[in-house]
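Okay, here we've got a single chain as structure tokens, the form predicted on its own, with questions on binding and movement later.
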């Protein structure tokens, strides 16, 4: 069965994957989720330095997390955005998502049209590096300040949420780096804590999940 476009509660679209019975974004609001969980609770929360913040996204998907981050990037908060994606969304499906009514469409197209496997300067404040690889197998980029953990749900892809992989992420991050995820399950929180993160439950996005998780790496 082919993937399908569905409209979420805030009017923005997501992709439904029939064989997993899973959506790329929350059906309560795709754009709302990206803005709250990833842009606001992770990227805007992270400690700013003279160098660009190094953002690692697990799952480029529709590019929605990337475009809202690129729109937020500025002279004081630059971003080097590294995204791992094994199965890129087709250009035809990107067009069908019709995000151009909600975000900067030219910027979104630039992100999807950017070459893979090397850093591409999208704006003076935002560099994108898309890597086509399996997160569970590939070598992770290092010196990461922010992690957007946006894999499919643990019950759909349990191999993506293992303690071992969280430990690899922890080691790849700079001190005081932050990770955010929509999944607030107790088992996931405990796995993050076990590898060394300080984990807090935060209020979820408006109209969406009640709670989300933000994990911070110790600074020593």
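Numbering follows the first chain given and starts at 1. Only a predicted model underlies this, so the values are computations on that prediction, with no experimental measurement involved.
Keep in mind that the form predicted together with a small molecule is not shown, yet the notes after this line are about it.
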With the partner removed from view, which of 116-124, 129-137, 69-77, 103-111 is the stretch that lies within 4.5 Å of the small molecule in the model of the complex, judged by heavy atom distances? 129-137
From the list 192, 41, 64, 173, which entry has a heavy atom within 4.5 Å of the small molecule in the model of the complex? 64
Are any of the heavy atoms in residue 160 no more than 4.5 Å from a heavy atom of the small molecule in the model of the complex? yes
Is residue 24 a contact residue for the small molecule in the model of the complex, using a 4.5 Å heavy atom cut-off? yes
Given that the small molecule is not shown alongside this chain, does residue 152 nevertheless sit within 4.5 Å of it in the model of the complex, heavy atom to heavy atom? yes
Tell me, yes or no, whether residue 59 is in contact with the small molecule in the model of the complex, where a contact means a heavy atom of each within 4.5 Å. yes
